[in-house]
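One chain comes next, on its own, written out as structure tokens in the form predicted alone.
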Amino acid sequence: MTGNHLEGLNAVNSPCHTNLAACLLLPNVERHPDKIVYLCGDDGVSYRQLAEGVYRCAAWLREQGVGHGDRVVIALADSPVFVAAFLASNLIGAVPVPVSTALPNDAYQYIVGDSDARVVLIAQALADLPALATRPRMICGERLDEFLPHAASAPIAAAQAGGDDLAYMIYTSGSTGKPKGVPHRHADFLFSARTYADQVVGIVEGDRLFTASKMTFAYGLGCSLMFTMLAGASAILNPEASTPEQLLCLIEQHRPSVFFAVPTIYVQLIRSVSEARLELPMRFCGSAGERLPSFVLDAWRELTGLELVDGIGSTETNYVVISNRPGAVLPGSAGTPVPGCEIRLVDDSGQDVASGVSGQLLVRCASNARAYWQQPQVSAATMLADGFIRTGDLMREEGGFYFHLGRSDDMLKVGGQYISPVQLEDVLRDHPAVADCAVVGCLVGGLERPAAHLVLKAGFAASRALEKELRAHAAANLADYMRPMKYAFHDDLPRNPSGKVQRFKLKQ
């Protein structure tokens, strides 16, 4: 069988409706146990070997007293061991909480405490952090054949899971400050698989998936774990940081057919290549996580001959809810609604706005999170009573396509008029010296004004002459009140581990 078998998940009595781990693992072990599911370094792990690792970990978790609803913090690099730990927690009815291995101690302290984790599974590099020594823990490597080698690997029956039982929880990446726990149910990624992965990307059993985003983020978790296993496909895992050189090396070595990354990674890949043409094996290149500037789409197509299929989603909606379609990409747009996703754009009073008018993005779909973890007031403001989620994104709809204008909390109010930083950033990126930029508010004479934070291309240096040239460029393309009052030059912009610009740090 070489096609997509996601359609079989729609059966009412399918185990996919009771336990996510069983849905991901058991059909593949039955159908093709010796097929390689993960390539990690020079190792290949089959579905059978993965299942044995899952059962060993599940037995260990039960020995620690972990049971239904208990939270299990997983601070591991992307590897088959991460997958085994995630699925084992889920299989016994616990709630895996994947977190980045690049956080400071106080962030781990907050997440472990806020989630009230029963146990933690951590990478060797994190063994000395005090915050990860406050709970029962296991220090793990990245090789599955060395993971709990003496534990029993006998199959364990999957815990039954009701419709509201939690399957996993991801903490938001904190682009505006302290992260919030976003719990999801067992069926949430199944919805995303049947809609985005199946109907937009068209993932099939013969595909080999690869993403630059780590599985501690919903974007990476969907590609590397959920979509891969639901389709019975294979994936490439990268335990290391995603540098352009390493990504290109892994692409050359393992030849993925589907690739996902955030726009920042595509920019880095483009800038790292000196050749005029780059031959790549992918049939699909997806972008999400932040707005994709049109110049990145054009530069990627010129370099590789491949189109970038942009979309937008959030941790709260679980995955991409608005997306372009392969062969029908409209540059500058996030695309059209993913099947099964209801979209509204509303004004400050909650009324729908007309086509062509900017509004706040509301999304209702079967994968929406019901609430934030232990934050009822914030939940009530975001997860609305009618089932819609207020995403915090500002968008404009024209001809059925949606255009991202930025985050509502990033909007600047200058002279009584609202300004989207995105519009200013697009103008600044058109200047030949600018590689990247972010616009935030600053106070000038007690009034809010735009400030431009710039990263320059190779061969350009910060100077008063360049700033004067940039001001002239802005004056020629922007209304007076929209022109940045201040210019700052950086080697790089502050970003969270998922690649999003942390504007609050620039404001500070």
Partner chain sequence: MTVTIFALKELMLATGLDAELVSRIDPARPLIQQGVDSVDYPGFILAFEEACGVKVSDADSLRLKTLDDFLNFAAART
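Because the structure is predicted, anything quoted here is derived from the model rather than measured. We call the rigid core whatever largest set of C-alpha positions still superposes within 1.5 Å between the two forms. Numbering follows the first chain given and starts at 1.
There is also a form predicted together with its partner chain; it is not shown, and the following applies to it.
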{"query": "Exercise: F295 in contact with its partner chain in the model of the complex, heavy atom 4.5 Å", "finding": "yes"}
{"query": "Heavy atom of A380 within 4.5 Å of its partner chain in the model of the complex", "finding": "no"}
{"query": "Residue contact check: G141 to its partner chain in the model of the complex, 4.5 Å heavy atom", "finding": "no"}
{"query": "Non-hydrogen atom contact R464 with its partner chain in the model of the complex at 4.5 angstroms", "finding": "yes"}
{"query": "Residue (of N368, S213, S314, T264) lying close to its partner chain in the model of the complex, criterion heavy atoms within 4.5 Å", "finding": "T264"}
{"query": "Contacting member of R62, R483, K35, H473, with respect to its partner chain in the model of the complex [4.5 Å, heavy atom]", "finding": "R483"}
{"query": "Segment that reaches its partner chain in the model of the complex - one of 325-333, 295-303, 74-82, 163-171, heavy atoms within 4.5 Å", "finding": "295-303"}
{"query": "Residues within 4.5 Å of its partner chain in the model of the complex, restricted to 263-292 and counted by heavy atom", "finding": "T264, V267, Q268, I270, R271, S272, V273, S274"}
{"query": "Core-superposed C-alpha of L50 shifting 2 Å or more between this form and the one not shown", "finding": "no"}
{"query": "Outcome for the Cα pair G406, A475 in the model of the complex, compared with this form (closer or farther; change of 3 Å or more)", "finding": "farther"}
{"query": "Distance direction in the model of the complex for the C-alpha atoms of A476 and R291, relative to the displayed form (3 angstroms or more)", "finding": "farther"}
